[in-house]
Ligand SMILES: Cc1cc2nc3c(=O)[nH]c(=O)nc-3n(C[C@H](O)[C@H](O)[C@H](O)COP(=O)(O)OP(=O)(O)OC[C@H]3O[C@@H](n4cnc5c(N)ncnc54)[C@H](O)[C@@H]3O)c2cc1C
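Given as C-alpha cells, the chain that follows is alone and in the form predicted alone.
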Amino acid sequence: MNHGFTRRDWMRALGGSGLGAGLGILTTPQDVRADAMGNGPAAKIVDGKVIQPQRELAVLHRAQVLVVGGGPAGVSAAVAAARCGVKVALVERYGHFGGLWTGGLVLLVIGHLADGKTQVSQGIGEEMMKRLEKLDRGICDRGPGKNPTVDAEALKYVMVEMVTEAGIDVFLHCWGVDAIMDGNIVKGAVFESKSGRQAILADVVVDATGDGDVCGAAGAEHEQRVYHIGLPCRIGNLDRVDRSKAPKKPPQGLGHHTPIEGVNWVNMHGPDANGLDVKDLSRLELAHRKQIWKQVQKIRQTPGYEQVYLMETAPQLGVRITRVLKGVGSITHTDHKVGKTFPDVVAVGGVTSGDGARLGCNGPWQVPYGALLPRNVENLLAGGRCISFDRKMTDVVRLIPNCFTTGHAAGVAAAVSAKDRCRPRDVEIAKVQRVLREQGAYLG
C-alpha cells in the first residue's frame, strides 16, 4: 500500500496551485533551453589568462517588474507589485522563499515595534503573520507588544500561497550574476542556473538580494561593509529533558523556543567577515558546523539532557550586511534620534529594546523614498538590508520586519513606475503612498 504522494497526486497539486498551468514556474522552448545550456563558446586559456568569449544570451522571460531575491523584502515587493496589476517576475537562488528568515533559521520576529508597543510593520508582512496564525504550530508568542517566533516550513508554505495567488512568474534555483545595462539604465538581469546563463528583461528591477548584487553589477554607488557572519541551527527533544537530573542552571546554547514543542532555534553571531568573499564563506561554513556539533554534544553530556539532539543547521550562512546602497536619501542615526519625518516617507521602522537603548531612541524611524533609489542608475530600486543607511543603523535596518516594509515600498514604487511609464525617481510620491496605505502599510 502506498501511503505517499503518487505522480498523479503531484500533478493534481501542481495544477491546483497554478504551477503546472504556467502561473508560477515557467518552462522555456526547447531551442532556447538548448542554446542556454552550452552551445555558446566556452571559456579559453589565452596567453595564460582565462577569457570568456562574447555570446548572445537567451531571453528567458520579460516582465514589467523583476524582483531579484525571494526573502522577506523580495516576496513583499513582488506581491505588492503584482497586486498593483503589473506583470511581475520573482527570481530566487534557493528552492524556497524567505531568505534568512526561513533558510537561515532566523525565526524570531523583532524590530516590528516602536516604543515597545506600536507595531509599525504592517501591510504584506503583517498578512504573513496573520496567515501563520491560522496554521497549526505556524507561529507562537503572537500578540500586542510581543516578539513572535515562526516555523520555517509553515512560513515557506505561506509565501508560496501568497506568491502563486498573486499570479507572479517564479524562477527558483536562479542566481543573479549581472545587470543588463543600456548606458546607466537597467533593462533586466542575467541569471545562472541549471539551464545555463539566461536573461530576464524588465521595465523596472527591484534588488532584494540582501547583498545588493544587482546594484553592484549595475554600477550603483554603494559601500561594502564587513559584519558578523553566523550559522543558526535547531535542536530537538527539549521536552524530554529529565528535570529530576538536570542542574538548576541550564547549559549554554539552548536557544529560543519555537512553535513546535521541544524544538528550539539557536542563533550565532559569529566573527566579522566579508560576506562577498567565497574563501571567507567557505572557511566559516566549515568552522561553524564543527562548533555547532561540539556545542550540542556538550549539552548532551549535561545530566538530564542526554536525549537532546541537533535537528538541523541552516542551509545558508547568516550573512548580515555586505553592500549598502548610497542612495538619493538615507536613513541616519541622527534623524532617528530626533524623530525626523520625511515628505516622501514610504515605510516606518521599529527597534528592539536593546537596539533602542544602544541608539538612545526607542521610537519609530521613517524611511524616505530616496533611501531606495540609487544616485546614478535608472530603473532600479533596492529593498531590504541593502538600502541606504548609515553604520549606526545596521542592526536596526536589517531586521526582518524592516525588510518587509522597505520591500513593500520598493514593490509598489516599481509598479507605479512601470504603469506610469516613468523612471522610479520620477514617480508621483503621493500615489505611491496612497497605494501603500491601501495595501495596509503604516506610514505614521
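Please read these numbers as outputs of a predicted model, since none were measured by experiment. From 1 onward, residues are counted along the sequence shown.
Keep in mind that the form predicted together with this ligand is missing from the display, and what follows is about it.
Chemist: Would you kindly say which of Val205, Leu372, Ala81, Ala208 lies with a heavy atom within 4.5 Å of this ligand in the predicted complex?
Modeler: By the 4.5 Å heavy-atom cutoff, the listed residue in contact is Ala208.
Chemist: If the cut-off is 4.5 angstroms on heavy atoms, which of these, Leu108, Val86, Met162, Ile292, is the one near this ligand in the predicted complex?
Modeler: Of the listed residues, the single hit is Leu108.
Chemist: Please name which of the stretches 171-179, 357-365, 194-202, 137-145 has residues with heavy atoms lying within 4.5 Å of this ligand in the predicted complex.
Modeler: One stretch meets the cut-off, namely 171-179.
Chemist: Does any heavy atom of Asp213 come within 4.5 Å of a heavy atom of this ligand in the predicted complex?
Modeler: Yes.
Chemist: Decide whether Val241 counts as a contact residue for this ligand in the predicted complex under a heavy atom distance cut-off of 4.5 Å.
Modeler: Answer no; every heavy atom of Val241 is more than 4.5 Å from this ligand in the predicted complex.
Chemist: Please tell me whether any heavy atom belonging to Ala73 falls inside 4.5 Å of a heavy atom of this ligand, as the geometry stands in the predicted complex.
Modeler: Answer yes; at least one heavy atom of Ala73 falls within 4.5 Å of this ligand in the predicted complex.
Chemist: With the cut-off set at 4.5 Å between non-hydrogen atoms, does Gly411 touch this ligand in the predicted complex?
Modeler: Residue-level check for Gly411: no, no contact with this ligand.
Chemist: Counting only non-hydrogen atoms and a 4.5 Å cut-off, give the residues of 81-101 close to this ligand in the predicted complex.
Modeler: Those in contact are Val91, Glu92, Arg93, Tyr94, Gly98, Gly99, Leu100, Trp101.
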